[in-house]
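Next up: a single chain in structure tokens, the form predicted alone.
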């Protein structure tokens, strides 16, 4: 099984188009220790020829062009090795890239009924004609084989609910503290190779590592996990936004309730942060925060990173 990080940044990427924070300015100036990052997405394949996207970021066209394995081949006039897309939530930075996959190309979209309803309700996604692009609901806790464009992809996927928050543009302040969040708004994924049994977890958005998630992840061989913020108040402290990580539905890396602490006893073999916000000091390869993350056994994911199981 081959896993490729298409985009390692959070919404907006790094540098973000309208941001001149320390990290964004450093990337633009070419300062050593900083690299550009597109918005969050992974790709996985059991055979190296047929691929599944895990989320579809607004930068998807750029990500496809950066990797020849995703471009048309076999002499066909129009073709794509991308056979399916699995969505973990309805955030703009995870669904907007679907629009790049228009032009009557068959593939499958897997998501919870909640997220499929969001796509169905927005007419712009009508460019993915239902007769060509299958939309397949995911039932939480059920392992299902992945297929697309008439191809068995040799992978199975299990979706599970994780603590999170409804997408920003769907928030309803009148609904109370959760802004209308319901089960199925934010999910994690377990992806398995049907032939070898090898598996990994993908959790790009998570508000808390609760006991249920701990039990599920304990002893996993590999996880790509939410690395949005290093500290809960970093965007407030930097003057970028008046929201904490908790308010945005993201657990922080540091602190007594952070992911480093939460994973301390889970015995996960390899841990990689993705969905990293442009405010996060770990994006500086020479920072104390990066050293602390690496000392705790974590890796910082990057665009083009490839892992094989």
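Residue numbers count along the first chain shown, from 1. All figures in this text were calculated on a predicted structure; none of them were measured in a lab.
Another form exists, predicted in complex with another copy of the chain; not displayed. Remarks below refer to it.
A.B. asks: Although the partner isn't part of this model, could you tell me whether residue 268 comes within 4.5 Å of another copy of the chain in the predicted complex, counting any heavy atom of the residue?
C.D. replies: It does not: once another copy of the chain is placed as it appears in the predicted complex, residue 268 has no heavy atom within 4.5 Å of it.
A.B. asks: Taking another copy of the chain as it sits in the predicted complex, is residue 262 near enough to touch it, meaning that at least one heavy atom pair lies within 4.5 angstroms?
C.D. replies: Taking the distances in the predicted complex, the answer for residue 262 is no, it never comes within 4.5 Å of another copy of the chain.
A.B. asks: Taking another copy of the chain as it sits in the predicted complex, is residue 197 in contact with it (heavy atom to heavy atom, 4.5 Å or less)?
C.D. replies: Because no heavy atom of residue 197 falls inside 4.5 Å of another copy of the chain in the predicted complex, the answer is no.
A.B. asks: Although another copy of the chain is absent from this view, report whether residue 50 comes within 4.5 Å of it in the predicted complex, heavy atoms only.
C.D. replies: No.
A.B. asks: Can we say 142, 217 and 255 each have a non-hydrogen atom within 4.5 Å of another copy of the chain in the predicted complex?
C.D. replies: No, none of the three is in contact.
A.B. asks: Given that the partner is absent here, state which listed stretch (209-217, 174-182, 158-166, 117-125) has heavy atoms within 4.5 Å of another copy of the chain in the predicted complex.
C.D. replies: The contacting stretch here is 117-125.
A.B. asks: Just to confirm, with a 4.5 Å cut-off on non-hydrogen atoms, which of 276, 272, 64, 46 contacts another copy of the chain in the predicted complex?
C.D. replies: In short, 64.
A.B. asks: With another copy of the chain left out of view, which of 87, 235, 189, 223 would have a heavy atom within 4.5 Å of it in the predicted complex?
C.D. replies: Residue within 4.5 Å of the partner: 235.
A.B. asks: Hey, which residues along 21-40 are within 4.5 angstroms of another copy of the chain in the predicted complex, non-hydrogen atoms only?
C.D. replies: Read in sequence order, the residues that approach another copy of the chain (within 4.5 Å, in the predicted complex) are 21, 28, 37, 38, 39.
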